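First comes one chain, alone, set out as structure tokens in the form predicted alone.
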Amino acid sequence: MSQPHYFIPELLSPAGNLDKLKTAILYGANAVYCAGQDYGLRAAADNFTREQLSEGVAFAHAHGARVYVVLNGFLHDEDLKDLGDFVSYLKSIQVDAVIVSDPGVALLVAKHGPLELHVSTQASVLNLQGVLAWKELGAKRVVLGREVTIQDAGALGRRSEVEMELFVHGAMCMAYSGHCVISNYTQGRDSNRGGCAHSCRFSYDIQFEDQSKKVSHFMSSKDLEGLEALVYFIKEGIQSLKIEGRMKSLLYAASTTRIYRQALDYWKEHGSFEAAPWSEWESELRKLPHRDSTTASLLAPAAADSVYDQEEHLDSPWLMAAVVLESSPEGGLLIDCRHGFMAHAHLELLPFRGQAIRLDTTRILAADFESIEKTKPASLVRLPHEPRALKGQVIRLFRGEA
């Protein structure tokens, strides 16, 4: 009996800057989300100038991908005076959608765009009436609150005929859909206006009624990993799977996108995950800095076992080393170094598809072909030719046990 046909969800990756946008798309993202200099929730990220947004959209469209711009900060009246002009600019460069959390912002987008409207998880949409209310405001897609299960999301999508998007991977916030104000009180930084200090990750002294004390990270969530839940996303018809992490590294953008792309492509080819290389995929995700993982509320409401109480164990023995610029038999492998390394270092090339490739580092040359023993960040160097290397691929460095 043939397998039923299922829609393969869009893979939506984070783009904290232009480099990450291009990297995520090259590694298989169907779409990326990013921010301009204002209106988003990641003020500490590099974010995009108007010129960078224009270049990013052009690059994405040339590679068959889409760009969504976040306008989901909690905005006051003074924040709105230039928003109409920014929306008009986004329209002019053909941004594919904007992500909003405020009905007032949605109305401004309709007036000055219009642009395709997606509703941010910050809006905490958890029920059918909420989805339908946003549909009346023109929303094509809702990024549901993280408290909703995949099964509930599928039902909401079918009943409302609105696209559903859920987070599939990345850091989690202990507060309801991220509506946290702890950093407002501890450091005067408004998490809902782009200034989150991640106060939930700190250790706190807890004093109990019997006067005993405990030091704990009791508000820190484990990281979301929805790899094992992909079959449910697919069968419930969830349109988009979102990877968190606009402030994370280029290596993170490449690695997470690469693995989830491989998994979705595996289903597309085989129609099941029956013989899928789960251990290989999970091993690759473990090579990134991470907390313990949880499926949060994707399969059932999150419980106490989703709390992560060991914030000191976040390291990884792998570092971002370089990006491939070109490769030829005559010039070797020309790379843009992001981290210094010595000759004979353990470097691995991450291809856009397939397993990592160990690189030959027996000889390192400067860009002018002069022999060197050690590289420096922000320098161009040459390694022996690797015929499988392509421009834009990421190279990671193994630095030993974490």
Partner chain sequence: MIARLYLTAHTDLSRLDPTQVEFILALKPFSRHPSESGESRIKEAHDLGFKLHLEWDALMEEPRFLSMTQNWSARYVSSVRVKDAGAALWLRDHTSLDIWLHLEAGHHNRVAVESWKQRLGDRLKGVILSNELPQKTIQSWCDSLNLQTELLALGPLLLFHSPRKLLSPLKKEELHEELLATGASVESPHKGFPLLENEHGTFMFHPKDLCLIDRFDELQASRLNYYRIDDRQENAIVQSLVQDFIRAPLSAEALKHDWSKDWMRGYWNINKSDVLFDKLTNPHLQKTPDIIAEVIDGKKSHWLAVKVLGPQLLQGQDIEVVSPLGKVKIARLVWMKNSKFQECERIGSQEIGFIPWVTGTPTKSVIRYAPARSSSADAPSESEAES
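Think of the rigid core as the biggest set of C-alphas that the two forms share within 1.5 Å after superposition. Residue numbers count along the first chain shown, from 1. Source: prediction; values computed, not measured.
Below: the form predicted together with the partner chain, not depicted.
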{"item": "Contact check for Pro103, Ser203 and Ser216 against the partner chain in the predicted complex, heavy atom at 4.5 Å", "value": "yes"}
{"item": "The partner chain in the predicted complex: contacting segment from 234 to 242, 284 to 292, 250 to 258, 73 to 81, heavy atom within 4.5 Å", "value": "73 to 81"}
{"item": "Interface residue in the predicted complex among Met174, Met320, Ala276, Leu264, criterion: non-hydrogen atom within 4.5 angstroms of the partner chain", "value": "Met174"}
{"item": "Partner-contacting position among Ile93, Ala302, Ala97, Ala229 - heavy atom within 4.5 Å of the partner chain in the predicted complex", "value": "Ala302"}
{"item": "4.5 Å heavy atom contact, Gln355 to the partner chain in the predicted complex", "value": "no"}
{"item": "Met342 within 4.5 Å of the partner chain in the predicted complex, heavy atoms", "value": "no"}
{"item": "Contact label in the predicted complex: Arg141 to the partner chain, heavy atom within 4.5 Å", "value": "no"}
{"item": "Exercise: His179 in contact with the partner chain in the predicted complex, heavy atom 4.5 Å", "value": "yes"}
{"item": "Exceeds or equals 2 Å, Cα of Gly331 between this form and the one not shown, core fit", "value": "yes"}
{"item": "Threshold 2 Å Cα movement between this form and the one not shown for Lys213, core superposed", "value": "yes"}
{"item": "Threshold 2 Å Cα movement between this form and the one not shown at Ile357, rigid core reference", "value": "no"}
